[in-house]
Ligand SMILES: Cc1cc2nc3c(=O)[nH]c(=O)nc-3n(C[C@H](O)[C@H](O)[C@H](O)COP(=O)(O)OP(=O)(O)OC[C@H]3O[C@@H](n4cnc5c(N)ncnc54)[C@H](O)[C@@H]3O)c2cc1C
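One chain follows as structure tokens, the form predicted alone.
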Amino acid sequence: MTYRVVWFKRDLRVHDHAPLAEAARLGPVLCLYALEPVLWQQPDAARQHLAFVQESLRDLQVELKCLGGRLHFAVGDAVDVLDRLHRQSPFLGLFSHEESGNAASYERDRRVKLWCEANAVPWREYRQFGVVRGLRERKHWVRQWEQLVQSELMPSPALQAAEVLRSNDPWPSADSLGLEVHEPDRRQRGGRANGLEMLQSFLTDRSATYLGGISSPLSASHACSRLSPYLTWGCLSLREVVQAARLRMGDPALPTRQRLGLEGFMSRLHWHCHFIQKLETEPAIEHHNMHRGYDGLRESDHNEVHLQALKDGRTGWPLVDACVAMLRETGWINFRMRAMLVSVAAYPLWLHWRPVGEWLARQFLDYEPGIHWSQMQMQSGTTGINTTRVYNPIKQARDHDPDGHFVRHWLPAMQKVPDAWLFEPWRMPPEVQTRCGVVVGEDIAMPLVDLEQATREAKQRVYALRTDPAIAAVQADIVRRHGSRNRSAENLSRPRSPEVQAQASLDFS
């Protein structure tokens, strides 16, 4: 039988799916998802990711069946799966989206390309996000992003299934893949249906609280779009989300507050791709400092006690530990709290971004490698081009959880702490601890370090490098490769409000 293979990866949908539409136009297709154990055994993979993918594949199977197709599921290395299929029944082409993933997926794609060349199988790849492959500098990137998101959506095509494979491989257990036992009980569920429901509720209602609501952990769960996992795993396409938001913004009856919220959200969709482009342009930043002049800054000072305390939510700073508790339970926290966690890890705890990043990648249901590793480095101060961002967890608590509602919800022991000691419970006198039944050092952790002193020393070490002429000399080249150009494309049609402008880089969720 003459047919083409459509290889699904992190694009688990049929709507606005260029590889599927193009392959279907040419004749019968075999829709393939290969679960690759080597990818799931990487330090950034988690049990919750696997469960989300399985839920999304169930939706995809239903959608393909409605179109006349069928999803074929295989377990194994992608090259081995393709080779096995080709030996059984040669196919005329491989169709897929581009992927700006981790190093393991990058290496996998390199081997797939070699296999395709060796077997004379054309491999056609299509843009998944506003990311440009082969881009050497950012001069025209904004224009290219805008061209993509304005282009016509690809409708779900009628399919003629290639009946080549008769059965699917069994779904492997998370244990067999070596994934951590923990899975958040209250995480978002996968699948396009859930993604569309979340998109609709945001566009029609929740976007009204986006501005002013996304920074505080108290309001962010509702105010943020919560679309990030559905974009990460491709249940929704970036282009359809952008166009749906712009259509909503075009409603003349839309309240001003909601319009401003959607403008802020559009800004973050632009920044979403801006950061993924960094990893696409320079895959090495997953493992190495973007500015190599910062090599050695933290690597030799690794403190496993500090790292484990952070993972356990026992740093002693209530807002930090409450965020870890929420993350463990839900797989999500808002971006400002993510930035605060990384800042605390990088400065007062003086931890290198790589081991912290591996842990957080497993905690974030919406882990997107391009955004994640760029942000880890930016918040840790190793890009060489970004303003140093140091978040004081006590100030953040006063600003965003002034009455302690968030902290007391996620840290039960804090419910007993009087308001006067809410932000610094370790300063409670022994008689107060006795009276409220809380023992600092047992029920509530003692801070690992003196926050003010440790932060001051850390900033001095980073600033000493930033002012080094040899370090500064490399910055221009980093800006050329990774720096943003002009204002983001989503707001070219109208000026941004001061509030939107001030929050432009705070949240991708």
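Everything quoted here is computed from the prediction, not taken from an experiment. All residue numbers refer to positions in the sequence shown, first residue = 1.
Although it is not shown, the form predicted in complex with the ligand is what the next lines describe.
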Quiz item: Quick one: of H306, H372, R239, H72, which gets a non-hydrogen atom within 4.5 angstroms of the ligand in the predicted complex?
Solution: H372
Exercise. Sort through V121, I394, A339, L218 and report the residue having a heavy atom within 4.5 Å of the ligand in the predicted complex.
Key: A339
Quiz item: Among 375-383, 403-411, 139-147, 313-321, which stretch has residues whose heavy atoms lie within 4.5 Å of the ligand in the predicted complex?
Solution: 375-383
Quiz item: Quick one: does C224 come within 4.5 Å of the ligand in the predicted complex, counting heavy atoms only?
Solution: yes
Exercise. Spell out, yes or no, whether the shortest heavy atom distance between N102 and the ligand in the predicted complex is within 4.5 Å.
Key: no
Quiz item: Does Y347 make contact with the ligand in the predicted complex, using a 4.5 Å heavy atom cut-off?
Solution: no
Practice problem: Give a yes or no for Y367: in the predicted complex, does one of its heavy atoms lie within 4.5 Å of a heavy atom belonging to the ligand? | Solution: yes
Quiz prompt | Heavy atom contacts to the ligand in the predicted complex at 4.5 Å, residues of 262-286 in sequence order | solution = F265, R268, L269, W271, H272, F275
